[in-house]
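For reference, the chain that follows is the form predicted alone, supplied as structure tokens.
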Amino acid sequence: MIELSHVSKQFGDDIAVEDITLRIAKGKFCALVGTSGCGKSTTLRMINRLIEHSSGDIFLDGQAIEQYDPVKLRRRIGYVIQSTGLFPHWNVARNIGLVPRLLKWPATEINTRVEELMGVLGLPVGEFAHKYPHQLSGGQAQRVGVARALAADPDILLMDEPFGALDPITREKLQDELAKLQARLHKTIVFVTHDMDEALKLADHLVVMRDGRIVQQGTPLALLQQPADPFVESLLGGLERGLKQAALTRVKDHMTSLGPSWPAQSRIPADFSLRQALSMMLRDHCDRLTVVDQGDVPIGELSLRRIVKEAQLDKVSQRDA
């Protein structure tokens, strides 16, 4: 869907991005991470030509982006930024319907699409359609920004630190909503963040940048298991990499059948993460949990001893490979 081949960007004598090559498959969620000034936002903005690249090639669906009209290109790509960019003198409904109006959709289709997206993003039409940006909380405004980006049903969504200004609780809720949206819509998303936990939680493909270059890329699990250098290891959490890896795996993937002994008193849903399970074990001073389904029916058990043994086997397997 998106391909960057030996792309560089230079501002005067300063090199912001240097010789990066990246392929993002259709329907995948790619997160660009790194320290401030590493070139991740510049890379994002080159994709929709808000910034023109200095050298190399960028393709969308196999076609060089120079062959697209810049305005038409941007209208087919959703774009979400930290400050939302909502028009202050337009109400929520009008803000969301901006791109469909520019594309000259019929008014009835625009209204239907606006109402649909407001419902999906937890913004009841009767309560929010006529409100103005200054009447919204930060989380509500960011929801409107996401809805506007999705209004014309773009194949590609670019998101530049969209949740960076939000409080931790609101941020986590919007991350969860975005993950659910992606599972349902399968958009091709490029997401810039400095929050590694956010990137690990959302992304299929992780790209670590430093000084304008890509230093490592791959699945979050692959990078956690084998960071390329001390910089990547530090960015991934250093000594906490094991816990971050545990956050990516589900309890149901590590549980065993219920043994002959009595079920453990502490219960955990099968879809919870292994990290949540370890936290619960520490909290409840136990080394075994009963795993339950959505109806709270026991379906298995999780043993700390088994988790440790599996981790040891994984380490041996990686070393042999």
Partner chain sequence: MSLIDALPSPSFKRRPWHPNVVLLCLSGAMLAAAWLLSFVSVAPNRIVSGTAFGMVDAISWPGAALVSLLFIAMAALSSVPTSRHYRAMLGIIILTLLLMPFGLMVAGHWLVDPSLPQARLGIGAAYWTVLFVLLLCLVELRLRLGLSRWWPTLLLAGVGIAWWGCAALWLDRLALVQEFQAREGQFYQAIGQHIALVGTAVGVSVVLGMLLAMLMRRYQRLQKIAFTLLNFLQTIPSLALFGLLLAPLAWLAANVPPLAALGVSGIGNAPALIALIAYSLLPMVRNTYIALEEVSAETLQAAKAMGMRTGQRFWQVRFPLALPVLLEGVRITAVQAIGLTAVAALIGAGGLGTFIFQGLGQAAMDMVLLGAMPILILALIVDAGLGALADALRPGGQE
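If you're wondering where the values come from, they're calculated on a predicted model, not measured in any experiment. Residue numbers count along the first chain shown, from 1.
Separately, the form predicted in complex with its partner chain exists; it is not shown, and the next lines address it.
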item	value
Among 273-281, 286-294, 249-257, 64-72, the region lying within 4.5 Å of its partner chain in the predicted complex by heavy atom distance	64-72
Listed residue that, although its partner chain is not shown, lies within 4.5 Å of it in the predicted complex (heavy atoms), from 120, 129, 185, 98	98
Proximity to its partner chain in the predicted complex, single hit among 226, 219, 170, 83 (heavy atom within 4.5 Å)	83
Residue 267, heavy atom within 4.5 angstroms of its partner chain in the predicted complex	no
4.5 Å heavy atom contact, residue 180 and its partner chain in the predicted complex	no
Contact flag, residue 90 vs its partner chain in the predicted complex, heavy atom cut 4.5 Å	yes
Touches its partner chain in the predicted complex: residue 45 (any heavy atom, 4.5 Å)	yes
Residues 50, 134 and 148 all lining its partner chain in the predicted complex, heavy atom within 4.5 Å	yes
